[in-house]
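Form predicted on its own, single chain, as structure tokens, below.
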């Protein structure tokens, strides 16, 4: 005698038929899975974690030293995001997380250097054009401001055209107080600049190992570079490294 409610077998059969119809509709194109668009635009201050640095490459350090040159011509092809991250890691990345040691030696581990990225339109695949600040502690970059500032930075660098033709420009800055507080005037006038040289050579060698091209640029108007990059008052620009693919 029926109770007025469907049996368990009937419920399971109905559920199975429903799932089958949904699956069939999916196969026939009746349903679509909506995937959110790739997030490539960042707001000022938002952090983007970079791909982990690669610790083993195809070029030995001896080969990189032997072939290292200052190169001012670039192909115009964009860099990969991991390549940008590799360059930044070579300049100031953390190599010993427990002790927070970095890729370049620093007097008393005071680490006065700050690295900025000025990325042009299409300079790095998947990266919005803009000015970014590298954060070594978590291997990330945070946007300072959006926009392509190649022309303005080139002008600040006395019109050196390779600055305007590069895929990206790495700008090494110094916070002198960090080292001067421990070593006084000697730290400010000597140790900080030694460290900038250490970091710069790392950029050269890493670029060479990746098949990229770069050149150290020291001739520029400090105040103009600071304005283009919207640098904090105590972040003083020391070097510009245009980077691009070899032609």
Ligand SMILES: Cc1cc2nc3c(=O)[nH]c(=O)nc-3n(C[C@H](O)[C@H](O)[C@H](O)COP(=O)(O)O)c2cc1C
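Keep in mind that what you see is a predicted model, and the values were worked out from it rather than measured. Numbering follows the first chain given and starts at 1.
Another form, the form predicted together with the ligand, is not on view; read the next lines as being about it.
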Interface stretch in the predicted bound form with the ligand - options 61 to 69, 182 to 190, 46 to 54, 205 to 213, non-hydrogen atom within 4.5 Å: 61 to 69
Sole residue of 140, 106, 160, 128 within 4.5 Å of the ligand in the predicted bound form, by heavy atom: 160
The ligand contact at residue 217 in the predicted bound form, heavy atom, 4.5 Å: yes
